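As structure tokens, one chain now follows by itself in the form predicted on its own.
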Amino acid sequence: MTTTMIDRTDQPTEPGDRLPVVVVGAGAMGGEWIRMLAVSPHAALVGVVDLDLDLAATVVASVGQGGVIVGDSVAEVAERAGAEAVVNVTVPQAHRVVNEQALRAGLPVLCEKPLGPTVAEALRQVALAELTGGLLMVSQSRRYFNHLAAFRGAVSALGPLAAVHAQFFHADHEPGFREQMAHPLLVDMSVHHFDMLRYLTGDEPVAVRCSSWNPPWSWFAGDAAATAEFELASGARFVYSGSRCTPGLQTSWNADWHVYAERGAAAWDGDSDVRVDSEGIGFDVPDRREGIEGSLEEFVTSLRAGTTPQNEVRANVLSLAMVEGAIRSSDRQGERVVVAELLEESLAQAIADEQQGDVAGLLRSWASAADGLATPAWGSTPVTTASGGAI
């Protein structure tokens, strides 16, 4: 086994070329984005939108950002600030509304995960993105960890997969909406790990059986623990177990991973330890921006190049389907849930829920959910900014 560090090759954007963006949501995660944007070479913070204007002003002041427009309307703040994109960091239930306001205003969106609380809402957003021609990308920030990329390289050399195991055990206290969620593990954390599975293997979910529960000492209102087994398109299995209220032997936030395949096995502790048990297979560790910085960089690069980023809205739906499938299975005492059936049921629900005639009409025009997800992704046609200039 060999390990190689690859020097960073990307070049920072010139300060004057930074993409002007508005952040919607000034809570804890919004603050993380605002602090990152204060020093980003790729984008510049020009506006913050939040219903709590005092909170928004306080967060902006805390990072020493002068001249940032603060308000409670996405379209108004973006217009006043001269923004060319929106970063949506609101709670999941507000994602669709904010994304719609931005896309209909001609603004591309980088949206925090999960895209929405249900696959039906996600499909409505796929249709909206297709209708407006705007870029809607989901920020699955954990895809951008350098050692995950190294692990992926090792796994790709192992040949056909038999099984992938991931364990996530933590004890985190996050007062607020997370501790009141019905499924704080599956919805708020496992969505990362499920998406990482798709990135790691290139495999897609076919069906799932899941059991979730809440340990008696849990400080979460909903199920903070779960186990799940996914059948993958290749025939391999993905076995997942996790908890958000386990105080001992905690794993990385990225989970602890083991992959078993035809030519051997590989493991990653979720941090910096990648191991391969196979003769002659090594891996390279890139040196790139990680986390939300990496997500932002790909968003800006894709806008400027007119290319489709990973986790463009259509590509992200199956990660959310893994979450909803696991929840459905758990709610049905471990019943096997078929992802294709879930998608079709979600499309019917999306059509029933959609109030905008143009979006509903587009949803009805799809022969199936799979047909909708196979529509040309963003990047296949020229895109302009809200002001009419080419990006």
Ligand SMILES: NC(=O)c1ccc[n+]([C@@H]2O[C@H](COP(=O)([O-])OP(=O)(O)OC[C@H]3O[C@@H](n4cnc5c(N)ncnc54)[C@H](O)[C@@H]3O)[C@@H](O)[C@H]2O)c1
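Residue indices: 1-based, along the sequence shown. In this text the structure is predicted, and so the values were computed from the model without any measurement.
What follows is about the form predicted in complex with the named molecule, which we do not show.
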So which of 359-367, 22-30, 38-46, 344-352 is the stretch with heavy atoms within 4.5 Å of the named molecule in the predicted bound form? 22-30
T90, R142 and D188 - do all three of these have some heavy atom no more than 4.5 Å from the named molecule in the predicted bound form? yes
Quick one: from V98, C245, V317, L148, grab the residue that has a heavy atom within 4.5 Å of the named molecule in the predicted bound form. V98
Tell me, which of R152, R288, R178, R209 has a heavy atom within 4.5 angstroms of the named molecule in the predicted bound form? R178
Should P205 be classed as touching the named molecule in the predicted bound form when contacts are defined as heavy atoms within 4.5 Å? no
Contact label in the predicted bound form: P184 to the named molecule, heavy atom within 4.5 Å: no
Any chance H192 has a heavy atom within 4.5 Å of the named molecule in the predicted bound form? yes
4.5 Å heavy atom contact, L55 to the named molecule in the predicted bound form: yes
Of the residues spanning 272-287, the ones with some heavy atom within 4.5 Å of the named molecule in the predicted bound form are none
